[in-house]
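The chain below stands alone and is given as structure tokens, in the form predicted on its own.
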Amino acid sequence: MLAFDFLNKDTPTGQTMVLDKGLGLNAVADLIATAGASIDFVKFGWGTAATMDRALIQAKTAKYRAAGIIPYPGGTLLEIANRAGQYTAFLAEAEALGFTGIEVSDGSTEIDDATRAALIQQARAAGFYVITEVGKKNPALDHQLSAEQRLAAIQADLAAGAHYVILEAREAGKNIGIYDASGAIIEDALAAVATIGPAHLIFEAPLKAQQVALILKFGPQVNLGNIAVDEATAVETLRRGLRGDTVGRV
């Protein structure tokens, strides 16, 4: 039972994806103990998993899985594997390491639409939970994507079998995707992509102001990603109306 359980609302909350940039086993255990019940996905950021011993990765993914959390390697690592012609080997290694999710993206490389759909379908066929990401890591390139192009990419990924589609915002959450240079939401950009329905989207929202704005707009059911490990509990309090920014407003 939660502490002060009589003050908690029985309201469903959305999916939360937390960014693991290289936590050790003790840190993983602490994260699960304090916030595991409110975390749905853990992304091993970009290519960080490839810098660690296999046994350590296996131990970490085992802890996440035991807590009911889906661990997955960052999409950049998949892009590198695909460019090297090693996608099948990448999926086999991901499974051996204990990852149960796969992220398909083209934020750092170019992947044509047909290949992207095939990557999604191959990962699904291999038994992975598939999340895709729409957007570019380079802000200059990302700004070239129109709202119509983002929406079409989201629709194509869902049609190919993606469970969720992430809207790129990187770790900083500024000057990319639906955010301006200060990190504020560009309302027209948000409205355009949200026509697909927020239930199918995970909004990368590393900044508190972004988390608050999205929760107030879509409710506690909104899906949020790129949450720092030390902010996972704070995000849950925002969802539950247990922080000043959302008290009485959700």
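Note that residue numbering follows the sequence shown and begins at 1. Just so you know, these numbers come straight off a predicted model, no measurement behind them.
What follows is about the form predicted together with another copy of the chain, which we do not show.
Residues placing heavy atoms within 4.5 Å of another copy of the chain in the predicted complex fall in a single listed stretch, namely 96-104, out of 159-167, 144-152, 96-104, 110-118. Taking the partner from the other structure, another copy of the chain in the predicted complex has a heavy atom within 4.5 Å of a heavy atom of Thr76. Although the partner is absent here, Ala89 is a contact residue: one of its heavy atoms lies within 4.5 angstroms of another copy of the chain in the predicted complex. When contacts are judged by a 4.5 Å heavy atom cut-off, Pro206 does not count as touching another copy of the chain in the predicted complex. For the chain shown alone, Asp180 is not a contact residue for another copy of the chain in the predicted complex, no non-hydrogen atom being within 4.5 angstroms.
Here is the short version: of Leu56, Ala66, Ile196, Ile186, the single residue with a heavy atom within 4.5 Å of another copy of the chain in the predicted complex is Leu56.
Of the listed positions (Leu216, Ala191, Ala62, Ala29), a single one reaches within 4.5 angstroms of another copy of the chain by any non-hydrogen atom in the predicted complex, namely Ala29.
Annotation for 116-140: the only interface residue with another copy of the chain in the predicted complex is Lys137 [heavy atom within 4.5 Å].
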